[in-house]
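Here are two versions of the same chain, shown separately as structure tokens and labelled structure 1 and structure 2.
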Structure 1
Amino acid sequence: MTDTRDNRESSGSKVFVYAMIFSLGLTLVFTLVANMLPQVQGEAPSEQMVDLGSLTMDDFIALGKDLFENKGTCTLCHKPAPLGRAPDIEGADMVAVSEERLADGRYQGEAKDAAGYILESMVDPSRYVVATWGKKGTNDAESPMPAVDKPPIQLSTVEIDAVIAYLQAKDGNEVTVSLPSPEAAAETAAAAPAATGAPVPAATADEAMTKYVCTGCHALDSNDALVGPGLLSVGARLSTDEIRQSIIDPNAVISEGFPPAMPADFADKMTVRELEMIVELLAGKK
């Protein structure tokens, strides 16, 4: 970020000048970032641009926290015991934990430092599986965590860095990732245009399952358990009504052998059509 843009007043002519200075892609990414940062939401668009032209490390960390809780879906699994289906990485100092992992004889990865370990955990989770947290029946050789740079979560490199910055900063550790370069920021904008506006209703059952990250916790093409039961033949196991109930009121009936780890707020987030498309798809899986 250059320092000539330190003025936060938002006159129309300044915004115009900024628009000229930034490439279109860069402007787009800052609007994208503006939409994700809770504290800028709702302000006039002209101010958003000016503020984000001077994206600070604090903004980047706040973006990381927002990604951790929302788009990244990390808190679906990573929450304190007994509800957590994954280690409580928000409650632990992840820099200290990472150093322990790197020193563990079982560690086979390529990371050299805490940031590298956190990154590897996100993009290649099976490289090192935290003891007792592996996929059932794999003796901790395979992680049930989805790679977060792939669908359905699909964070960009810049977004992954923001999450790392957040995990380092929340316990007062030094942040070792850098703010995105304009080029990287523009790439993010190009790669993730869908993430800008309000959520778009899914058009198909598959899209809806991706949007709500069902596939992060459930295999659709097998009956093997990930975090939740495999759904290959769920239609043979449960009636249509039971499937609907297990999505909108998951704690009403808990599948045997599983913890009550399924998010309970789908009913607030889904459109009726999205819900019914998913129910129909799952009911047909016999």
Structure 2
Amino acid sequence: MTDTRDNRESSGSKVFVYAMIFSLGLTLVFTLVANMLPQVQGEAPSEQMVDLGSLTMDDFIALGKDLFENKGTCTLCHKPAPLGRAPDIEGADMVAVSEERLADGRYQGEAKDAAGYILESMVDPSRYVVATWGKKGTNDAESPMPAVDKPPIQLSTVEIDAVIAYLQAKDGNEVTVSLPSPEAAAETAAAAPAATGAPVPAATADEAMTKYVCTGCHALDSNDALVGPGLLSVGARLSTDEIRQSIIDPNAVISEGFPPAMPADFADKMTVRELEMIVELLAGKK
């Protein structure tokens, strides 16, 4: 009897230990899956807040760098090869590059200097499209880049000047843009949402697609391949979960014949709302 009781107690202890191990393992799995998803349920994360009324030039340049990397979404496309989907801006002296493009016979814009060219490239990017970087089928006459002064990016004049200052200063060039006047600073501050100063999130799936420059690599109205596969009938090829995974973990499954060029940090940049709007839009393309 004693041996039987001891065996039962030993078996019960083993079952308890196994149950604890299983529970801990399950918790770890759920934690890993949860961490793959964007953690922001509502608005986009608040941005760096700067007192525009007391800016120094160093502050202004730092603001431009922050805008370039975050609100402006520039680094989504402007990366070194082979991951870049647009010219590598941070790796180039943009003042020297701008002067070269102004002298190019293909240039038909109105800029007279490097600062003017950088401004024009941001607000009217199709004025001069760098060879091989235009939309497919346009013979480099149309740029896939959205105008940064319009929704959904919508940088203010002060913010655009800050980005220009950063692009001039990062390679040791003279900064030719001026610090904002108190009036311009006040207007920029007044235009920001009162709660956080964060940008208004994308209101529609199309705006979210534009915000993250999806059409720079994917055709939405055809299955033609650009940098990535065409998305006209993606909903017939992939399930909703597969589409979601392809956005938040793009290297998990890479379409045959395509480079691993899609940014892997969308889960950190998108809100859940933006992600689900895009997933719903693409899942309906059948």
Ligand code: HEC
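Along the sequence of structure 1, residues get numbers from 1 upward. Take the two forms, superpose them, and find the largest set of C-alpha atoms that agree within 1.5 Å; that set is the rigid core. Predicted, not measured: the structure shown is a model, and the values here were computed from it.
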Quick check: structure 1 or structure 2 for the form predicted together with the named molecule? 1
With a threshold of 2 Å on the C-alpha, tell me if residue 64 counts as moved between structures 1 and 2 once the core is superposed. no
What is the Cα shift of residue 275 between structures 1 and 2 once the core is superposed, in angstrom? 3.6
Rigid-core-fitted C-alpha displacement of residue 226 between structures 1 and 2 (angstrom): 7.9
